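First structure 1, then structure 2: two forms of the same chain, each alone, as structure tokens.
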Structure 1
Amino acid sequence: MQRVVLTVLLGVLTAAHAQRVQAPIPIGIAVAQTSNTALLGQEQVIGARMAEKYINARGGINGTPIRLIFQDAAGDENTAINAFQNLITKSGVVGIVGPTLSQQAFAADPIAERARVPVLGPSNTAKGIPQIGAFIARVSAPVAVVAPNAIRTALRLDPKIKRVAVLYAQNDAFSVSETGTFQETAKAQGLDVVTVQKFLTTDTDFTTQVTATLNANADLVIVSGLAADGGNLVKQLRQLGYKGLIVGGNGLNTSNIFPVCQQYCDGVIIAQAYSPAQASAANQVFVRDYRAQYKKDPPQFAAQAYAAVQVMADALRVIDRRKKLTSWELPALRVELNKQILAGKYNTPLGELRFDKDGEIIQKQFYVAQIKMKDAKNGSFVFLR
């Protein structure tokens, strides 16, 4: 009995080893489909699905379609690792897009690195992600580049600004590093940082932070947080009587904040790593498809996930032209895909992008927009400059 089991087991395993690349070409998506990170994750799911549809509608990889395989990475490290492992071993994916949070990436990416599977982080912005290994890259720009533009724009709109209040979500890795850049830029521009207030992404009441800001007589408020907390903060700032300009960090770059701060969102200046107004053909197709389906502009998380899938598909297409994908053995293709991802140049909805040798994104354009609300629920990001 034992021998039979062993033989069967070995048979299964060797079969797995000589694995060829399946058609349609499997690409893994491991983002937060549950947990309270799902607010971000569900946008990534939408973005990735739209990319799949678009790519396959245009012939896939030179005639071979791609197939996205979703594994929920939730919001914690263990689930992310298990999702990666499922995709790598069971589903035989050629590459993975994920996970949602940087903290999860630090835990799960080394698994892919070890298995020599290329990973594209769709929203990991913490320092040190691409440096996890040769197979790890990201399409989400770290903050240092995005933030300063927004402050300069605010100063152009209101040159009299002198006193700055800085507020940030201290439990969000991205906001913490972003606020550092904001504060440095403010000081470099000769502004006084009159108060620094911290909050949590799970907070809902910001009266304490807002009254401190009002008491400090700030004439510019800079907020680094995510949609729910950032939106509530903006709303409460306005309701309690703050009149000056507000600059929102990249975490607020989503139409999800419209229902939160409603008409109070109006006028907030946002630092963007993605703008629906970006003129490239790739972006306009994406924006058109997204609007047709969801009746609003695509948020950054969806655009980044879309871009990540597109980068993989573009790179696969180049490889396929040299040697048909289905004739590759899986491990060899994964290595080749990683090489090709880093070598290529891509026209994505994020604009033109490529990667440095570590896998860090080199994004050509960043944007500053101002929120314009049509009514209580609908608004848009209006391109500035």
Structure 2
Amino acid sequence: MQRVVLTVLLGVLTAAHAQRVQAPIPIGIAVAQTSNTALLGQEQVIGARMAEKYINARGGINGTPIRLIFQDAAGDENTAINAFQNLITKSGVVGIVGPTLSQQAFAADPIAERARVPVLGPSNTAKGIPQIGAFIARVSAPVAVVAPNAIRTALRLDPKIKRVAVLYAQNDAFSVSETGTFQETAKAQGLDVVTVQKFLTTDTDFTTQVTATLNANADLVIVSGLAADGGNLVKQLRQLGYKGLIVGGNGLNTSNIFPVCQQYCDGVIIAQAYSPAQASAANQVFVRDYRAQYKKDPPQFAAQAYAAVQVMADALRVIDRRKKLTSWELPALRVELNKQILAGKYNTPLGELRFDKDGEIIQKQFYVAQIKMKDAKNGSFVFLR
């Protein structure tokens, strides 16, 4: 009997100890390291690691370092769910940055919501993400705010545009949300949407969609998809004879599409939530460090992941000043971190950020860039005024 009681007591003590926050402070990163979505997730891994290095080099959280724990969320819902579950239950993270896709967020974020673990979406721009729950926020501006800028810029570059073809990935929640915004904007600008073509993010042959676009005599094509499928679609549009302007959605907003569509990427217009020229001190440091390591300007997906890690660290720093993080029990710290994230104001590479009561980002500056290719594999995003 005494042995049974002792065993129970030891179990209780072990459970209590496991609930205490340990240093270094664990922050979960659940983004795409594999699958075709990895073309976006690779940039997020880089941005998150750069933030971790910068924060820890400057004392971490008032002397306590942070530690990023990575789980591959790949490009599907089930993998994202598993990544979230592992970070919450096995790794005991205080919060999660991820996943890469909005489609995944709608599946995985409710896991964190039920566990009362704060989530910062680094690239989830579909309508309704912050409304998933009280513990869900995002540093990625919603597509309804960003995407219309690309169409307005296309019209400025070519005022004669009248006929628009819209092509989108029907199996991706973000692309479905984005194409809705694109179509609404086009109609509001007095343009005729002459054809709407669907495809899958796993497709590689877009002959049917391109042929329909050419037959419709479109003089502007708008593509909402991911980097691999979107890049191949752009390539095939040009190879089969389309000459007009192309607007790409946020899924094409990565230099990793350059080897996909090669010289045919040239001229694609993409709205941006980030610019390397953003004047904040935080961005100047980020750009300097990124250029030193990668010999090119940082992309939006890296900047947003960096900003998400920074926001969590800044919020933890405020909490730590009131009560040392290692004296908190994990569930209580997660709740407090969520409150502080929503209450704070943050100077990040994206500029000054705040959140509304739902966890929606409040961001002031947005941009539009056009791809300029140097050769078949190398290019850059040229920001337009």
Partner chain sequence: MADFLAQYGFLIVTLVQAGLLGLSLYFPLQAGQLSLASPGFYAVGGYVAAILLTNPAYAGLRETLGQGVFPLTWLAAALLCGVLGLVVGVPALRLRGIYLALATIAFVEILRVVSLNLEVTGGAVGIFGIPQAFGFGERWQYIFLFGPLLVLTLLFARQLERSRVGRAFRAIREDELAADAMGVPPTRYKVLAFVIGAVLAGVVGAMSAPFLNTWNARQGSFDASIAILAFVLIGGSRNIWGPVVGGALLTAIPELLRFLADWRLVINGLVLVVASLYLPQGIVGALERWRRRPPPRRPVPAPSPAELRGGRRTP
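Computed from a predicted structure; not experimentally measured. Reference numbering: structure 1, starting with residue 1. Throughout, rigid core stands for the largest set of C-alpha atoms superposing within 1.5 Å between the two forms.
**Student:** Which of the two structures shown, 1 or 2, corresponds to the form predicted alone?
**Tutor:** Of the two forms shown, it is structure 2 that corresponds to the form predicted alone, while structure 1 does not.
**Student:** Rigid core superposed, CA of A134 - does it shift 2 Å or more between structure 1 and structure 2?
**Tutor:** The answer is no, as the C-alpha of A134 shifts between structure 1 and structure 2 by less than 2 Å after core alignment.
**Student:** With a threshold of 2 Å on the C-alpha, tell me if A188 counts as moved between structure 1 and structure 2 once the core is superposed.
**Tutor:** True for A188: a C-alpha shift of 2 Å or more.
**Student:** Comparing between structure 1 and structure 2 on the rigid core, is the C-alpha shift at I161 2 Å or larger?
**Tutor:** It does shift by 2 Å or more.
**Student:** Please give the CA displacement of F174 between structure 1 and structure 2, in Å, after core superposition.
**Tutor:** That residue's C-alpha sits 4.0 Å away in the other form.
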